[in-house]
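Starting off, we have a lone chain in the form predicted alone, written out as structure tokens.
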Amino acid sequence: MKITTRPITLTINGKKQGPLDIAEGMMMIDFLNEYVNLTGSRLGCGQGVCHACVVIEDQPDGSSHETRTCITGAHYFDGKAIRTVEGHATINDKGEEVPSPVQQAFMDHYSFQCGYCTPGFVNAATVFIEGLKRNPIARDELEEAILKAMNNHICRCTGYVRYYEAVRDLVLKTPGLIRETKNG
């Protein structure tokens, strides 16, 4: 039996990867874990239900959305740009790693327990915050918006309240994400 391969080239966390020949039909989670050694995205259910495996798919218009990597073939991402949980932190002028605001909020609120689902929650919260930067919402819409943004993610340890509180607090303390009323 011969395995058919095709090349893939994409940008991950701002760095071009490829072209790499990989098997047709390979799931993106396997490509991330086995070919580019990015193991932060987790294989949870393997059926696209738990969202532990999501990455952020950046669009040319500056918007982004989550994409499940356990049910999406790696070749779907050919030519695209994605971010994984490994791409959120930055390096300061002292060479120290600085967590993203979302990661810091999750740590401040002790949001994760076993941590298995955390990469998916970090990516979901990041997409949510970035969306609010482009389109702020009214204060009275915040709770529902957080629930909608995080609703697809499953935490086996049931740490939902802490994730919710971390995202709410981050939104409320970040200028420009909230309007006081629906009309401005």
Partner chain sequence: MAKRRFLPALFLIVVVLLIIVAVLWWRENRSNDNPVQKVSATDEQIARGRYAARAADCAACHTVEGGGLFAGGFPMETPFGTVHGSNITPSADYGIGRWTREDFHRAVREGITPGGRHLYPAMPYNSYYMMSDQDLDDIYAYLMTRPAIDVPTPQNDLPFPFNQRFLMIGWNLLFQNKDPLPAVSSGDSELWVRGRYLTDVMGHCAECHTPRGMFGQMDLAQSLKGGTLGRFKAADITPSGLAERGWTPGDLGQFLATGTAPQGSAFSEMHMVVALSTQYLTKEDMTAMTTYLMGDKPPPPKVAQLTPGGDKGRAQYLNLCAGCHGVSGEGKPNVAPAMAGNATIRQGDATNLIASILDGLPEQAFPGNSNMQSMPGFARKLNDQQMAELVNYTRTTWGGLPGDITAAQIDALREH
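As the structure is a computational prediction, the values presented were derived from the model and not from experiment. Numbering follows the first chain given and starts at 1.
The same protein also exists as the form predicted together with the partner chain; that form is not shown, yet it is the one meant from here on.
Remark: none of the three candidate residues (107, 162 and 168) comes within 4.5 Å of the partner chain in the predicted bound form, counting heavy atoms only. In summary, the region of this chain contacting the partner chain in the predicted bound form, judged by heavy atoms within 4.5 Å and restricted to 49 to 57, 118 to 126, 35 to 43, 137 to 145, corresponds to 49 to 57.
Although the partner is absent from this view, residue 71 contacts the partner chain in the predicted bound form, with a non-hydrogen atom inside 4.5 angstroms. Heavy atoms of residue 27 reach within 4.5 Å of the partner chain in the predicted bound form, making it an interface residue.
The closest non-hydrogen atom of residue 65 lies within 4.5 Å of the partner chain in the predicted bound form. Using a 4.5 Å cutoff between non-hydrogen atoms, residue 83 does not count as a contact of the partner chain in the predicted bound form. With contact defined as any non-hydrogen atom lying within 4.5 angstroms of the partner chain in the predicted bound form, the contacting residues in 74 to 95 are 75, 76, given in sequence order.
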